[in-house]
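Here's a solo chain for you in structure tokens, the form predicted on its own.
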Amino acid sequence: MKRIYVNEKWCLACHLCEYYCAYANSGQKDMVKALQGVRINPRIQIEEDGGVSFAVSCRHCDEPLCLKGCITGALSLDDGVIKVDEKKCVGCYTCILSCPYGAIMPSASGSAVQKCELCLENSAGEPACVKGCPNRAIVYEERV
């Protein structure tokens, strides 16, 4: 299965992946209208530590602890991709506490959680963060 991988030595900490992610998940056709004057809430986050920067996103684990910790069944595994059903999520944040990578976060409304779903619903081909990374530090590929 293809997944997002990050090469931290190439990451510029430009945060463009966050903007592309927020735009891709906004449902808008125009990036400026979608993001202008809005505090973005992307499903990928840039972390910086000691001069090293890298993007943190869901790793779609083979044995996801978040899925096991979800008390309402809002998280599901569909063809290797962990998805969130916002209608079922009660915002208990057990999945946030269960994820060892810090890849699940509260949604903009705070009543549910959000996480990377590989842009399967809103992008053709590869995830928006990968397309928007100017240095190709984020890749979408299958690895053994």
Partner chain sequence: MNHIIIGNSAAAIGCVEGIRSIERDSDITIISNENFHTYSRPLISYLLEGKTDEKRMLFRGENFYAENNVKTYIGRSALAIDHVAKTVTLDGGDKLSYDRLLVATGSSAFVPPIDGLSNVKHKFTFITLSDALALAKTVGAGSRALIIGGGLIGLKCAEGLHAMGCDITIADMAKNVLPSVLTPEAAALVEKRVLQNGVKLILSNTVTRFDSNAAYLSGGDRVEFDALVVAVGVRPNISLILDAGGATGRGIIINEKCETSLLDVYAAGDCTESVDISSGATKIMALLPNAYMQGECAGINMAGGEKTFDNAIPMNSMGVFGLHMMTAGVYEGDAFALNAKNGYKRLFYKDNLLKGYIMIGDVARAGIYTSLIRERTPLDTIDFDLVKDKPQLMAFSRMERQKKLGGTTA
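Residue numbers count along the first chain shown, from 1. It should be emphasised that the depicted structure is a prediction, and the values quoted were computed from it without experimental measurement.
Missing here is the form predicted in complex with its partner chain; even so, the following discussion is about that form.
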Answer option from S26, N41, Q114, S98, heavy atom within 4.5 Å of its partner chain in the predicted complex: S98
Among the candidates A108, V56, V81, A34, the residue which, in the predicted complex, approaches its partner chain to within 4.5 Å (heavy atoms): V56
Y5: touches its partner chain in the predicted complex, heavy atom cutoff 4.5 angstroms: yes
4.5 Å heavy atom contact, C119 to its partner chain in the predicted complex: no
4.5 angstroms heavy atom contact with its partner chain in the predicted complex for D30: no
Heavy atom within 4.5 Å of its partner chain in the predicted complex - qualifying residues of 77-104: K87, K88, V90, G91, C92, Y93, T94, I96, L97, S98, C99, P100, Y101, G102
